[in-house]
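Here you get one chain, nothing else, as structure tokens; it is the form predicted alone.
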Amino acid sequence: MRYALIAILALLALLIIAPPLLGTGWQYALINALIAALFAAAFNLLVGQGGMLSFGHAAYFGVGAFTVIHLMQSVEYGDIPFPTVLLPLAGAAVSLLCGALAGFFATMRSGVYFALVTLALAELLHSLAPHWDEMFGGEAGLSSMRMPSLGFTFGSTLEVYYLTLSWVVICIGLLYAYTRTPFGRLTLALRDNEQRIRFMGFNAHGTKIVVFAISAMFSGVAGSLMAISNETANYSVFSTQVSALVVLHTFVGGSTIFFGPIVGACVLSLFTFVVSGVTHSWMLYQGIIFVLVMLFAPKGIGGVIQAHIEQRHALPWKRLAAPYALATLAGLMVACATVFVVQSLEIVLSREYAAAVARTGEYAPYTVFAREWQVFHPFTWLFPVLLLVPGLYLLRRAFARIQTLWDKDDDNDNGDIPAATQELMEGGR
């Protein structure tokens, strides 16, 4: 615990010190990563701790965003005074109310029916927003300017970054504190076995409504910070793409680990910022990462990190060094083969390349990995095979060796009753 606290404080110090040394582009990327981290942490309260998978959480993210935009307009036009630093409170309050109302109906069902109800509610807003000009500004959306507050002009990206960082740290701290409360333990027990919670005398439906509303509230804060950063919002914030993205961040990071979704959101957000400037196929790479994580690390990046931390004293690190190095090398070979094929197809099948062929009558060489490749040369398509086949073979050998070195004693749970429920039964309420 002491090492975890030191690591968190070191990361926080880095987040405070480093941004002034970076350019505006990276500062904006960090703002988006922080907002995505808060949104994923709020979403994980519902799915990872409450066991309720929502496919429409963008609704509460968007409600928070539009609430703040309306408030920013009122402040800009001089109708009411309101500090810019406190704007997320308004988004949180409205999202909390909307979450409580929607949660009352959605939590009447569970499993796939719950997911479909949440999806329907978000789609309802997504369909309604473009036609409700007064509330959502139609298809163009609404915009407003950040006004000076408490000595800050909020005219620079750096000031917005520190505002975002402050709110994200406070909210994630509150979410973590929530997990340590008796109600937080009840939320985990609800995920483990809802029927047992009812049998123990708790109001399962009421508990789910509260969890849903709190998750929506923190999602509203994330939406508010997005509106403050962009100074605009339109109906696209309600889209299924936004809802799907938070699901992606949460599960890639690890829904069963508190900090997992935060890690997943930061990693994928920064990955998108870097890769989207290089290739149009960045969404394909994002999808490949998601599939690979779900297949080979179902507990996500956070689960892998946590497993290594928990087993750090038991693992034979000296004997693991070689297989880990081999797995890294093999992974790079497979990744290079995949990137080569994707980038080659992206170039060769593009309209620009087809137009060039039609104009010149020749299939010109294209550039990947800083080298020119001929389209019809056999080595061009043999190259990824020479990387992929040995890479997969070495990867398989490395994982087999790693698996034998790990102590695979997974039978360390205490019977059939999950830990959170056990705690409640022992008087943790």
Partner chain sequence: MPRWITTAAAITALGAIAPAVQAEPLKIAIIESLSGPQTSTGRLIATAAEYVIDQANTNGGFNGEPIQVKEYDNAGDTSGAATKFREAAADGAHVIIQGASSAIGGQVTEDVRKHNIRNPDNPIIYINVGAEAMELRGKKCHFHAFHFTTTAPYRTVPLMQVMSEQGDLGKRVYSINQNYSWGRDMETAIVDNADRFDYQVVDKVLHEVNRIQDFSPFVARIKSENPDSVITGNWSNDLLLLMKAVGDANLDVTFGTIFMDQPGNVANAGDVAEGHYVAHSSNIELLDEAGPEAYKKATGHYPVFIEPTTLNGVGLFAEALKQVDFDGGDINVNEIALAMENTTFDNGLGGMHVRKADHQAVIPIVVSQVASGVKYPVDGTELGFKPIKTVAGEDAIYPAQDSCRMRRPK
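Numbering follows the first chain given and starts at 1. Being a predicted model, the structure only gives us computed values, none of them experimental.
FYI, the form predicted in complex with its partner chain isn't displayed, but the following is about it.
Trainee: Based on heavy atom distances of at most 4.5 Å to its partner chain in the predicted bound form, which listed stretch, 328-336, 141-149, 257-265, 207-215, is the contact stretch?
Mentor: It is 141-149 that comes within 4.5 Å of the partner.
Trainee: Honest question, do H131, F273 and R359 all end up within 4.5 Å of its partner chain in the predicted bound form by heavy atom distance?
Mentor: Yes, the whole candidate spot contacts its partner chain.
Trainee: Answer with one of H313, R180, R351, K318: the residue that has a non-hydrogen atom within 4.5 Å of its partner chain in the predicted bound form.
Mentor: Filtering the options by heavy-atom distance leaves R351.
Trainee: Note which of Q286, Q343, T232, Q306 lies within 4.5 Å of its partner chain in the predicted bound form, where distance is taken over heavy atoms; exactly one does.
Mentor: It is T232 that has a heavy atom within 4.5 Å of the partner.
Trainee: Since only the chain is shown here, I'm wondering whether T380 would be in contact with its partner chain in the predicted bound form (any heavy atom pair within 4.5 Å).
Mentor: Residue-level check for T380: no, no contact with its partner chain.
Trainee: Taking 4.5 angstroms as the cut-off for heavy atoms, does Y28 touch its partner chain in the predicted bound form?
Mentor: Because a heavy atom of Y28 falls inside 4.5 Å of its partner chain in the predicted bound form, the answer is yes.
Trainee: Do E123 and its partner chain share at least one heavy atom pair within 4.5 Å in the predicted bound form?
Mentor: E123: contacts its partner chain in the predicted bound form.
Trainee: Determine whether any heavy atom of G137 comes within 4.5 Å of a heavy atom of its partner chain in the predicted bound form, and answer yes or no.
Mentor: G137: yes, in contact with its partner chain in the predicted bound form.
Trainee: Along 275-309, which positions have a non-hydrogen atom within 4.5 Å of its partner chain in the predicted bound form?
Mentor: Contacts from 275-309: S276, G277, H280, W282, M283.
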